[in-house]
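To begin, one chain is listed below as structure tokens, in the form predicted on its own.
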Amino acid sequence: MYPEIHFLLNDREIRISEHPAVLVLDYLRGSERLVGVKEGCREGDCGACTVLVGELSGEQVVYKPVTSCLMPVGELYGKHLVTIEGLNMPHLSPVQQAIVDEGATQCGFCTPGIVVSLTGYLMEDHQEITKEGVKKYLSGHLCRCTGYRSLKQSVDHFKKTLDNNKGIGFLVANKMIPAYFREIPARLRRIPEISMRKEENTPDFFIAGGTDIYLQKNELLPESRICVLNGQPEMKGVFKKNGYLHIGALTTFEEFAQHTGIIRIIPYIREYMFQIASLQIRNRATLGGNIINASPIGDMTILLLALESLLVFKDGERSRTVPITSFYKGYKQLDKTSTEILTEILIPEPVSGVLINFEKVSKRKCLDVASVNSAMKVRCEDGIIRDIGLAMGGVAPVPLFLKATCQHFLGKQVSGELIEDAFPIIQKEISPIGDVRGSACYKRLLARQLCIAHFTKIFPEKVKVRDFYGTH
């Protein structure tokens, strides 16, 4: 018998005893027969299975669109799960009406997920509905019938009635979402706090965001002992202490990108995120999961490597700190025991003048797995490089910190010649292999080009692209 999972599903209160690793998608379609949630790719790419998950934040409930094909039911405890059926009213909602008016649907398979995501956008407190906002919430949806122009044009319909709205209360008052949403905060507060059971044995698998492990172990998880880490709120959030930014390992990509402390040190972080994953995935994927998955092309891992972050592990009452630059020992081989859990990532607070850049090349411009990705942190004084961290993915069996290349740059004047002299060092440090994302030769070329991109973007007055024409 599994622990009871107590949550709200649309306007109903639910108590179930399912294996906590069962996917929300499978529970909804199989047990609840809520088939408006569509099964498409089962990889988080298509968005057809998108739902809203609401969680108490102070007096309000904050809703986020996520893909239900990568979320375990064990994480639903104390939350509000909303499917397309839960948005049903006697009349069309503003989102549904806009889709009708713009002719933005044909077969309809992807439409329920799109309605759910765009409704999530409208449920935020807005000063203004924007085309960029609509584009952001559509980013996790694929449509093979109509394209996206008609969907993007729906912003004009939203703006007529929804600019300067005050979130959920406004939408309920104006009959734009069902009235039961008004009662959800009080109903969630009545659900008892979950009591975390101490596992007698080490779980077979730990599940954080699920965006990697469900792709790799989907069939094994419902038959295994698992621990759903997201029931531990102490492993979330960002705060400053003793010269470090402390980031809970369960902090999602989107929470990381929206935090003011992160934006201050990485001003373009939200632009980088659009290259990395859709909003629906960024609302699930965690920094800790990206690090522990140890993919050689993990985007956030590469960024945290360049920042020379520290990793905090706990095993019961014991704790230790490991530099991320020495954490990866070989392909999927980590400086970590099976019973240790990554609880925190520490980013040294940068001193004045530190600049950071992230680059990525993939088959699709955005939302795709990298062929090669790279991040660089650099600080100069009077044109002399005083601190630098350079990391690359897709060029070695592990996410790679280029120590020798960094050492080459330290203490030297930024110039085209300095960068060109680094190319042989980079080529010696990396060891790419050919695969579906490109040949080894292509990846070596990308390593060179991304190094150039870092310097031309960070130091445009000192380094020009034309400086490297004709070099090899």
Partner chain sequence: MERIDAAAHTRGESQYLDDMPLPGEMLYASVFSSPVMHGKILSLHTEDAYSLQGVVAVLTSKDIPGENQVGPIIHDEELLASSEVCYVGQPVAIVVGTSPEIAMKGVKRIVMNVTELPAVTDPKEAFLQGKIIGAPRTFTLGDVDTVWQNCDFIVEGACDIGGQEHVYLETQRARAIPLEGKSLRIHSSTQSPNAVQRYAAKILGIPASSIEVDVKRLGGAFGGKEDQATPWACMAALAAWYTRKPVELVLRRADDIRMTGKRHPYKSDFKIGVTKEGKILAYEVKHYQNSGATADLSTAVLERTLFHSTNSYFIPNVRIFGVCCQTNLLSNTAFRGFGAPQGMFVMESAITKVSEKLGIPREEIQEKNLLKENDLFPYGQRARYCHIGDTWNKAAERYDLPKIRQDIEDYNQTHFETKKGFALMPVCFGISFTTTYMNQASALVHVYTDGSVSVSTGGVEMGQGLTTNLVIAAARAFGIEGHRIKIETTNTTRIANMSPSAASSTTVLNGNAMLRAILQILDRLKSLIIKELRVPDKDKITVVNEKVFYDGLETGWGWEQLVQTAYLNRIDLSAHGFFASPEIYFDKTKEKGHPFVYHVVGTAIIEVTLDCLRGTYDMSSVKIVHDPGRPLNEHVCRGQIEGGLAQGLGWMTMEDLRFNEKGQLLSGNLATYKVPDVYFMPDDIKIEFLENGKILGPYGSKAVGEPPLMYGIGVFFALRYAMLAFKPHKEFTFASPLTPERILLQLYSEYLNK
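Positions refer to the first chain, counted from 1. From a predicted model like this one, the values you see are computed outputs, not experimental measurements.
The discussion below concerns the form predicted in complex with the partner chain, not included here.
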| message | in the predicted complex, does each of Asn88, Lys135 and Ser439 have a heavy atom within 4.5 Å of the partner chain? | response | yes
Of 398-406, 308-316, 217-225, 168-176, the segment with heavy atoms within 4.5 Å of the partner chain in the predicted complex is residues 217-225
Contact with the partner chain in the predicted complex, heavy atom within 4.5 Å, among Val155, Val378, Ile269, Val115 goes to Val115
If we test each of Thr325, Thr105, Thr343, Thr252 for a heavy atom within 4.5 Å of the partner chain in the predicted complex, the one that passes is Thr105
Is there a heavy atom of Glu32 lying 4.5 Å or less from a heavy atom of the partner chain in the predicted complex? no
Partner proximity in the predicted complex: Leu9 to the partner chain, non-hydrogen atom cutoff 4.5 Å = no
Please run the contact check for Arg42 against the partner chain in the predicted complex: heavy atoms, 4.5 angstroms, yes or no? yes
Evaluate Gly147 for contact with the partner chain in the predicted complex, applying a 4.5 angstroms cut-off between non-hydrogen atoms, and reply yes or no.
yes
Checked 422-453 against the partner chain in the predicted complex; residues with a heavy atom within 4.5 Å, sequence order, are Gln427, Asp435, Val436, Arg437, Gly438, Ser439, Cys441, Tyr442, Leu445, Leu446, Arg448, Gln449, Leu450, Ile452, Ala453
